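First, one chain by itself in structure tokens, the form predicted on its own.
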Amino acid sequence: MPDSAHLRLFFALWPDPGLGQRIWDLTRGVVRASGGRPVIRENLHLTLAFLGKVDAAMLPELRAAAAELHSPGFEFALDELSFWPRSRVLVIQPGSCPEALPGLVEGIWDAMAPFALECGPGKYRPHVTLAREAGPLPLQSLQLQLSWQATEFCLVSSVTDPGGARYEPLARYHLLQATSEAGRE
């Protein structure tokens, strides 16, 4: 089957434009100091589940399976910079992870179980990649926390062209929001 019949897909939390810009602005100095190749602002995201190369004909079924998820929304802070030497990436990550985040990841993988995907669940480390091919550097703590209110997640296609990787959200799925009636009888 030709490559045009396949899509490289993943599920992710996608920051709203304001948060994406704040991540970009707050981390530019450390990204430059790392000597790495910066991730473009439009590609900043937090991966939930990487599906790999998927037959494009499966896209409607994958979308439908993801639409059946009923996970709660949650908030977390991106407050730690880290250099991962094995993959040579500079990342920003949450110092503590709300229970709903790994719960969402598990729910996605459960929904994807009926499909024969080339990738599967592994150890989950929530992070936003800031630079690739980075070098080690002393990391200072952030001067402020970046608060992320997760209200939706996306199914995203990764497209590689001469300019590099480009990520295109294909579908958005709303997370459940707590209501003011919660806990009332």
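Sequential numbering from 1, following the sequence displayed. These figures come from a predicted structure and were not determined experimentally.
Unshown form predicted together with a small molecule; subsequent notes refer to it.
Remark: of stretches 66-74, 23-31, 146-154, 39-47, the one touching the small molecule in the model of the complex is 39-47 (heavy atom within 4.5 Å). The shortest heavy atom separation between Arg132 and the small molecule in the model of the complex is within 4.5 Å. At the 4.5 Å threshold, heavy atoms of Leu176 stay clear of the small molecule in the model of the complex, well away from it.
Remark: Leu19 does not count among the residues lining the small molecule in the model of the complex, judged by a heavy atom distance of 4.5 Å or less. Residue contact check for Ala171: none of its heavy atoms lie within 4.5 Å of the small molecule in the model of the complex.
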